[in-house]
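Given as structure tokens, the chain that follows is alone and in the form predicted alone.
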Amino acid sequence: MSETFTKTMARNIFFGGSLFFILVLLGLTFHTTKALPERDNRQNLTDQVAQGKLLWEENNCLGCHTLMGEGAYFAPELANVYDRFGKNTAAIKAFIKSRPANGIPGRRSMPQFNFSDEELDALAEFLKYVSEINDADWPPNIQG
């Protein structure tokens, strides 16, 4: 048996490895196309949720908070805030409303946005909608 690595051997490894990984890619693609419809949450998407998403973007909540691991790490993760508040949108609205006008001296704190009741409802419904997305148990801990 030869101890040398020939061009034929290298070519066979290349083509064999390429074929293997193409098959893996096709298998994962097929699995994803079968699994995504089962995880779809669009039936719960309402105009109020869309308005809450718009408020989320207009007030740059992602500048401080993370949502499903994306965003800044200055403030807590909000993809699971609905679960942390006991699946209670009223508690979320009360928390947002209770923020002091000038923050808490010496501490980082969420500003008071002075949302109307309609805006608070929309934001709470958006956070509820996000918490119901099947995100494969992300974030891994309930505290965010």
Partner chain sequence: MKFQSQSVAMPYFIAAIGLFVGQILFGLIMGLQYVMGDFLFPEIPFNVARMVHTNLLIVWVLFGFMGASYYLIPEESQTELFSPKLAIAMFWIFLVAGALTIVGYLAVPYATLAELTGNKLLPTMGREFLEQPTITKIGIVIVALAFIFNVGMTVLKGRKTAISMVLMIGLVGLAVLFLFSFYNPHNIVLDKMFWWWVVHLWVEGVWELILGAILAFVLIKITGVDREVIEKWLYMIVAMALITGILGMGHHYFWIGTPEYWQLIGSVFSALEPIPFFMMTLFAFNMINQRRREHPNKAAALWAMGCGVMAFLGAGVWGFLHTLSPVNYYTHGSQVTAAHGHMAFYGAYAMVVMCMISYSMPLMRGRIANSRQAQVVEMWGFWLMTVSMVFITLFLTGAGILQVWLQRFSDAPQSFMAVQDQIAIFYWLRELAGVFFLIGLGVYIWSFFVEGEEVTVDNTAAPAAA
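Positions refer to the first chain, counted from 1. This is a predicted model, so every value here is computed, not measured.
Keep in mind the form predicted in complex with its partner chain is missing from the figure; the text below concerns it.
Asks: Hey, in the predicted complex, does Thr33 get a heavy atom within 4.5 angstroms of its partner chain?
Replies: Taking the distances in the predicted complex, the answer for Thr33 is yes, it comes within 4.5 Å of its partner chain.
Asks: Indicate whether its partner chain has at least one heavy atom within 4.5 Å of a heavy atom of Val81 in the predicted complex.
Replies: Val81: no, not in contact with its partner chain in the predicted complex.
Asks: With the partner left out of view, is Asn88 within 4.5 angstroms of its partner chain in the predicted complex by any non-hydrogen atom?
Replies: No, no contact at 4.5 Å.
Asks: Is Glu70 close to its partner chain in the predicted complex, meaning a heavy atom pair under 4.5 Å apart or at it?
Replies: Yes, Glu70 is a contact residue.
Asks: Quick one: name the residues from 40-68 with any non-hydrogen atom within 4.5 angstroms of its partner chain in the predicted complex.
Replies: Contacts from 40-68: Asp40, Arg42, Leu45, Ala50, Lys53, Leu54, Glu57, Glu58, Asn59, Asn60, Leu62, Gly63, Cys64, Thr66, Leu67, Met68.
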